[in-house]
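Taking the form predicted alone, here's one chain by itself in structure tokens.
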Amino acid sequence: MKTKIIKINPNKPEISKIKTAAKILKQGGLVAFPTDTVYGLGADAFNVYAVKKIFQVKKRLTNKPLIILIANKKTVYKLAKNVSINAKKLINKFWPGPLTIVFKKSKIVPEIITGNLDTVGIRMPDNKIALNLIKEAKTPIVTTSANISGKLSPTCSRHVKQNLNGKIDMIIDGGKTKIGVASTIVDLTKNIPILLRPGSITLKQLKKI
């Protein structure tokens, strides 16, 4: 497979180029793209075949859940079984941004994304390329860091190319990511919120909200 690499302006994304990448996603392909945290490897969240390819390319265990990225806060109500008051507070404060929230999943979320768990992690990234890509694909995008499992998470397209060139359909070069570490993950499915993964949003910030 030949991986196409396209450069997109991170401040003013060229929609014609975004549409090209979105078309690949709609056809079941894999696209690596920048988010506010690290570069992600994405597929159409509702295309089980495409999601399987992410696990194969990354050499990732299928019992390790993936995250779903959305471009509209309202989409969370379709993907999550319920959205608590605490979740709404965190969404209003930190989305778009580097916070992944774990919910009980709705029936429409494929089990392959969640590692056969009844929960799903959802995030709205603060990156114009990522948000426009989701909008143009007209579907939530399932994602994970664009690297081989166990390798460092990529913060620029060069890192992605070193890991995945020839294995995926497209790499979007959108410059260096702003934050450089994976998103904070908080589980809101229990009575007491649980911090599953620390990130740039701190425990202190979460407790305050």
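Please read all numbers here as calculations on a predicted model, not as lab measurements. Numbers for residues come from their place in the sequence shown, where the first is 1.
Form predicted in complex with ligand AMP: not shown, discussed below.
With the partner removed from view, which of 25-33, 173-181, 60-68, 44-52 is the stretch that lies within 4.5 Å of ligand AMP in the model of the complex, judged by heavy atom distances? So the stretch in question is 60-68.
Quick one: of Ile134, Val102, Val109, Val76, which gets a non-hydrogen atom within 4.5 angstroms of ligand AMP in the model of the complex? Comparing distances to ligand AMP in the model of the complex, the residue within 4.5 Å is Val102.
Does ligand AMP come within 4.5 Å of any heavy atom of Val120 in the model of the complex? Flag for Val120 set to yes.
Is Ile15 close to ligand AMP in the model of the complex, meaning a heavy atom pair under 4.5 Å apart or at it? So Ile15 does not count as contacting ligand AMP.
How about Leu196: is it within 4.5 Å of ligand AMP in the model of the complex, going by heavy atoms? Yes, contact at 4.5 Å.
Given that ligand AMP is not shown alongside this chain, does Thr144 nevertheless sit within 4.5 Å of it in the model of the complex, heavy atom to heavy atom? Within the cut-off, so yes.
Quick one: name the residues from 165-189 with any non-hydrogen atom within 4.5 angstroms of ligand AMP in the model of the complex. Only Ile185 sits within 4.5 Å of the partner.
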